[in-house]
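Before any questions on how it binds or moves, here is one chain, the form predicted on its own, in structure tokens.
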């Protein structure tokens, strides 16, 4: 008797690295349920959209995508909306897109297998909307790792900070950490899969609290860095309130811990930080920067900034510019403030005109560009270790990344036989605001 054809699924992912890694775990879970991943919606039995609601109008984009493929539901396809927009919109998704069968937020992914089986058994509406109820993390041995050079490990999910502008506490649930033992077991599995670089993930990764009380975040960092076979360990994203000096001490002590910290500030004004409910002042933030500036090895620092937050005066904005000058960040991800559903800032009335927000963003990015030009120029002549991430055939260059998380494009002879995941010693010959250029040292 001929074997029945495999069930198929298609998944499209929007948003951050947390979402990308969630999709790796979702893919692995579906494969363990007997499904096969396909590359197009047209040939899939199940179609999933793993969504993000950080950006403005994210939910509209999801509904537009669902509308585009509504006609395919008549062919028996089932659709699911996962992630932050799913949690944010909840059952309203069924009303706006009746052909959707599954709506599940990230806090419910641990039940994804049973939810999919319910759809198979004829249930027309299946939901997983735990919100802030669950204490559990999404742990699975069935992760389908798709990044060719970096293995991701989520160590903490959710958020308890409730910044005035942010939807994450409402869409990803409360903070809940995995045991450090389980993280180290997964780190060993990542090495066994051929990876030498690990990135630890969390909405506030340094807010990690071992439920068994064995290790602090800094101690877990060090332990992962000492797993045999690991050459690099990164972590993102840190919250300034929970950033301790012990993290810097761990970076100093363990060579595998990359000398890069992403520490979002959002504003250089203590007044704005208070309205944002960020839980620290400018002075407290700069104290943490000072710990890194005094470290035994140079630590690259990057950040996030929001311009045009409600009530941000010109003086507040100038304080943010002066913070850039004082810290000399190696990179800034800057955004214009946009209202997000269910957040306290949604009710603020003193909004900045869109044209003024655009002006402030342009001024900030021009200031930061000059800082990055100066910072990167200091590397010219140095020999840096780059991990190969790929190749740009158009430019006939390899694309690598340094321990400080800087892009380093470089030329190498064919006999070097490089591939993603390998390491190369590269002499920097030129610098640009957003990257470095060099030649492999033979």
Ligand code: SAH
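Positions refer to the first chain, counted from 1. Because the structure is a prediction, the values reported are computed rather than measured.
Just so it is clear, the following notes concern the form predicted together with this ligand, a form of the same protein that is not shown.
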(message) in the predicted bound form, is there a heavy atom of this ligand that lies within 4.5 Å of any heavy atom of residue 348, even though the partner is absent here?
(response) no
(message) residue 79 versus this ligand, in the predicted bound form: is there a non-hydrogen atom within 4.5 Å?
(response) no
(message) With the partner left out here, check for me: in the predicted bound form, does some heavy atom of residue 203 sit within 4.5 Å of this ligand?
(response) yes
(message) Taking this ligand as it sits in the predicted bound form, is residue 387 in contact with it (heavy atom to heavy atom, 4.5 Å or less)?
(response) no
(request) Using heavy atoms only and a 4.5 Å cut-off, determine which of 245, 239, 145, 99 is in contact with this ligand in the predicted bound form. (result) 239
(message) Just to be sure I understand the contacts: of 360, 232, 278, 288, which is the one whose heavy atoms reach within 4.5 angstroms of this ligand in the predicted bound form?
(response) 278
(request) Specify the contacting stretch among 186-194, 304-312, 223-231, 116-124, defined as having any heavy atom within 4.5 Å of this ligand in the predicted bound form. (result) 304-312
(request) Within 4.5 Å of this ligand in the predicted bound form, which residues of 159-184 have a heavy atom? Give them in sequence order, or say none. (result) 165, 166
